[in-house]
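This document opens with one chain alone, in structure tokens, the form predicted alone.
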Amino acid sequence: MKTIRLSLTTEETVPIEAERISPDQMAGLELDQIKCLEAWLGNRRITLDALFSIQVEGEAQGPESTTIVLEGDFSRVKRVGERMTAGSVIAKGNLGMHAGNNMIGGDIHIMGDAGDWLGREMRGGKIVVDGDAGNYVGAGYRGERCGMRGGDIVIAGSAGAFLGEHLCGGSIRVEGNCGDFPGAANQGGSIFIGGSTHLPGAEMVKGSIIVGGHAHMLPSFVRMEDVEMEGERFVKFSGDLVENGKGEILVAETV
């Protein structure tokens, strides 16, 4: 097992783009090689050792036996774990935007809060956030037909707006509240929101959304029957009829 530890050594406030912080990128490298990997500090290219203190313990046969541990506040460090296929990333604090972009496999555990676009267009693997997450979790960029296609995202706190926009597969679970328009333009997959939200499922054509709190529903959804699930009663809605959709939303309370 190989463990790579990084901690910030700079007080710069400029965002850092560091997609090289990934088990796939670092598994086969020695310490000196990892230090020479490049990142972007604003519009300036810079090596990782100019930004981070780096330590390496053990050896790995590949990314599946590599763990990257991020010590401290990485909230301005973007694109960590981008396109990773295996292994683990553990952030012991906050983590910046675009963590787990296009992720295929492996695990990311964020012990603090996550920035916007968490798990963008994710294909597989699992992301766990102990705190809150920003906007566009599991979503796709403008012009993309699908956002998240597979894998799992679990958020212990709350999340921002447009959660799971253009979701085509996989599952997203938020234990707290969620911002406006979760599940917009959904084409598959499942979303669970433990708290409350506003206007879920706009333009969805497929997939399912469960809201454990209250939700203000769009008028283009048809109220169906009441259902009971795990001892809780929900109101079932079908839609969005604007898109001739067959999506399903279960809401504990409507407003």
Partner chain sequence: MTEDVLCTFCGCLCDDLRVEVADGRVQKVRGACRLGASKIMGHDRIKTPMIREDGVLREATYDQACARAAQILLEAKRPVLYGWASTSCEADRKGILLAEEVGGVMDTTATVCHGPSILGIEEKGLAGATLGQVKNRADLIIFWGCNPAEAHPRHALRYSSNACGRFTPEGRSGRKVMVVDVRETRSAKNADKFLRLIPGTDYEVISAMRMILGGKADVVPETVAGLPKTQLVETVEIMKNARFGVIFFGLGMTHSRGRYKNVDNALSLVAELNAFTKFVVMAMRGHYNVAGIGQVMACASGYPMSVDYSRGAPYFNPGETTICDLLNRKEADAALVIAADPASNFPRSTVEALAEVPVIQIDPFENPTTLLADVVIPSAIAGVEAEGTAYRMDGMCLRLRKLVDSEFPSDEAILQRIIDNVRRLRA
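Residue numbers count along the first chain shown, from 1. Computed from a prediction, not measured in an experiment: that's the story for all the values here.
The form predicted together with its partner chain is left out here; the points below concern that form.
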property: The single option of G62, G58, G42, G213 touching its partner chain in the model of the complex, heavy atom within 4.5 Å; result: G42
property: Residue among L218, I54, L29, L37 with a heavy atom within 4.5 Å of its partner chain in the model of the complex; result: L218
property: In the model of the complex, A184 touching its partner chain (heavy atom, 4.5 Å); result: yes
property: Residue contact check: L48 to its partner chain in the model of the complex, 4.5 Å heavy atom; result: no
property: 4.5 Å heavy atom contact, V69 to its partner chain in the model of the complex; result: no
property: D180: touches its partner chain in the model of the complex, heavy atom cutoff 4.5 angstroms; result: yes
property: Stretch in contact in the model of the complex with its partner chain, which is absent here, among 150-158, 125-133, 169-177, 93-101 (heavy atoms within 4.5 Å); result: 93-101
property: Residues in 224-247 close to its partner chain in the model of the complex, defined by a heavy atom within 4.5 Å, in order; result: L241, V242, E243, N244
